[in-house]
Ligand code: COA
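The form predicted alone is given below as one chain in C-alpha cells.
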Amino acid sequence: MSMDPSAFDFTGRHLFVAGGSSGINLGVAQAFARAGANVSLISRSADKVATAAAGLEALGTQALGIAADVRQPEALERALSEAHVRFGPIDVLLSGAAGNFLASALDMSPNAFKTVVEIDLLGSFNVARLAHAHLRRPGASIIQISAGQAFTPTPFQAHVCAAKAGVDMLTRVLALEWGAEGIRINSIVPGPIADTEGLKRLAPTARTLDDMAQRVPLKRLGRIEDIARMAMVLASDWGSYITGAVIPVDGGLALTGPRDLTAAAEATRKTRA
C-alpha cells in the first residue's frame, strides 16, 4: 500500500484554534496555513489575535482572528458562528487554551487553582461542546493540547495536574459519545518545547532549562514543528482510525517518572522577589 503525500494537503479546509495567538497553538496554525487551510483563531487579547491572523495571511492563506475567552460560552458561541459563516464547517478543531505558574499547593490560593482549572478544563469542555454544532460530519478531527502533568505527578503543579488529567479523560469520553457521528478526538501531550511561554515558566533559568533537556531520553528539547506534525497526522486521512488516544510527543520524558521542579520554583520566587 502506498502512502499518499496529498493527505497533508489541507487546501480549503477549516482549522479553528482556541488559544491561537502564540506558542504551540500558533505554530500548529502556521503549519496548517502553509498546507492550504483557512484558519480561525480565538484568544483573549484582541490585539494579539489580530496580529496572529495577519501573520497567517502573510503565509498565503485566509485567516480570521476573534477576541473571545474560552471561559465565556456566549463569546465563544459568537466566535464559532462567525467562523462558520466565514469558512464553513470546522474540519479541524485545535483546543489549546491553557494557564500555568509554579506554586506549591500551600502557596496557591483557591482562586488561583480555580483559574487554571477553568481555563484548561472548563475551557476545553466549552470549546468542544459549543463547537459540536459547527463540526463537519463525518470527518471532523478535534485535537486537544494536553500536558505531561496529566499523568505524571509534578510538585508545584497541582492545578495543572488536576486540570490536564480532566482534559485527557474528557477526550476519551467524547471519543465514545461522538464517534458514531464520524467525529474523532485525540490529545497531544507535548514535552518541553523550546521557545514557548510554558517552558519559560517551568524552566526560567539556563540551568533549569539544561536540566530539563537532560531529563529527556532523546537529550533535546522539542520543537513546535514536532507538535504540528503530529497534529497534521491526526487531522489527515493517515489518522482516520485514531480516536480517544492520548499521545505523548515528548522525546520519552513520560518514561522518566515525576520531575523535580524545586529548583525552578526557587528561581521563580527569586525573580519575583
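In this text, residue numbers run from 1 along the sequence as written. All values reported here derive from a predicted model rather than from experimental measurement.
Keep in mind that the form predicted in complex with this ligand is missing from the display, and what follows is about it.
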{"property": "Joint contact, 182, 233 and 242 to this ligand in the predicted bound form, by non-hydrogen atom at 4.5 Å", "result": "no"}
{"property": "Of 103, 130, 122, 75, the one that lies within 4.5 Å of this ligand in the predicted bound form (heavy atoms)", "result": "103"}
{"property": "The unique member of 140, 98, 203, 80 whose heavy atoms fall within 4.5 Å of this ligand in the predicted bound form", "result": "98"}
{"property": "This ligand contact in the predicted bound form: residue 136, any heavy atom under 4.5 Å", "result": "no"}
{"property": "In the predicted bound form, residue 198 touching this ligand (heavy atom, 4.5 Å)", "result": "yes"}
{"property": "Residue 229: touches this ligand in the predicted bound form, heavy atom cutoff 4.5 angstroms", "result": "no"}
{"property": "Contact flag, residue 215 vs this ligand in the predicted bound form, heavy atom cut 4.5 Å", "result": "no"}
{"property": "Partner contacts in the predicted bound form for 50-87 (non-hydrogen atom within 4.5 angstroms of this ligand)", "result": "71"}
